Ligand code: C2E
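Okay, here we've got a single chain as structure tokens, the form predicted alone, with questions on binding and movement later.
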Amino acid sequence: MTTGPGIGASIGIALFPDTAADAEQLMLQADTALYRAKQEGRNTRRFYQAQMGAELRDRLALERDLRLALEGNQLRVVYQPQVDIRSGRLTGFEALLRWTHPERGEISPADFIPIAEESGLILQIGEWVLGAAAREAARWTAPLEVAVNVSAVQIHAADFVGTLRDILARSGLDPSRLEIEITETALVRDAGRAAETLEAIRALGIRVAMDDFGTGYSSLANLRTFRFSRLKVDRSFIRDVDHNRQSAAIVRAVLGLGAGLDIPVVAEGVERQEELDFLRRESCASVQGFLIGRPQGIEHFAEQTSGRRAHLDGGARPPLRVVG
């Protein structure tokens, strides 16, 4: 059982002799059930079930392989373009981590990032991604921006600001071209410490964006407390925004909030022209998604990063359809 001061508890329960034959097996099963309780949101209890053992073994194997992936060149960074919705000009990229397992093939970040966070590997992996993205962006002739997702574990690490300072020094990247994207999870754990870290990051000249805006616990309070360079509307609100009244109302509210606070809004997950048309009518600042461009190796955007082309299609006119 794990407890916090006056907060609650997570409990894993195993029964003798129902599932365990001896004390050692009983403790192992209770620990496995405790891991499941923590995984499902904490402050709850779970009884041991047989499939939990197989899932835990798979999780431990994936953690072991992730450690090896860092040393074996299995990780790579791909880049998804972000475009100004009015001009159609490419403004920058979001750097995204990918893992190609030698046996399992492509493993979703949704599967391995939580493991990296729980095991502490996210600190080493996150530093590698930041360094790779900064070095790559520093090579571009065009002064395009690069955004990198940062986890709550990184934000609360004691030396994170120092790590960023070292990355900028080694890469030579202008800090104004680097944007750190954080979710509200990084803010609710220790708001005071997070505020100090974010201010120190801003003091380096690095921009800070709130990712997945609208899906957290205290979006509005965070906007009052922290100064963000951009808000990123979660893709769940963009999906079908052109014919879903609830989604449309939420997105309009976020865009109005951004305008009132003078914070540009980026819409993620734009996959259909109708969604793009809606966002343009509502004066969204920037967009990204499969309709604009899929995440790819940076070599696919060589003409844009070299400054030879300002648009993804290379044309003089915006590649985004004009709304009448």
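Keep in mind it's a predicted model, so treat the numbers as computed, not measured. Just count from 1 along the sequence shown to find any residue number.
The same protein has a further form, the form predicted in complex with the named molecule, not shown here; the description that follows concerns it.
Using a 4.5 Å heavy atom cutoff, Pro109, Val129 and Glu271 all lie near the named molecule in the model of the complex. Of the heavy atoms in Arg135, none are within 4.5 Å of the named molecule in the model of the complex.
The closest non-hydrogen atom of Gly289 lies within 4.5 Å of the named molecule in the model of the complex. Although the partner is absent here, Thr197 is not a contact residue: none of its heavy atoms lies within 4.5 angstroms of the named molecule in the model of the complex. Using a 4.5 Å cutoff between non-hydrogen atoms, Asp211 counts as a contact of the named molecule in the model of the complex.
Contact with the named molecule in the model of the complex, defined as any heavy atom within 4.5 Å, is confined among 136-144, 197-205, 248-256, 101-109 to 101-109. Site annotation in the model of the complex: the residue of Leu75, Ala191, Leu121, Leu96 reaching within 4.5 Å of the named molecule with a heavy atom is Leu96. Site annotation in the model of the complex: the residue of Leu231, Leu187, Ile85, Val150 reaching within 4.5 Å of the named molecule with a heavy atom is Val150.
Interface residues of 234-257, taken as those with a heavy atom within 4.5 Å of the named molecule in the model of the complex (partner not displayed), are limited to Arg235.
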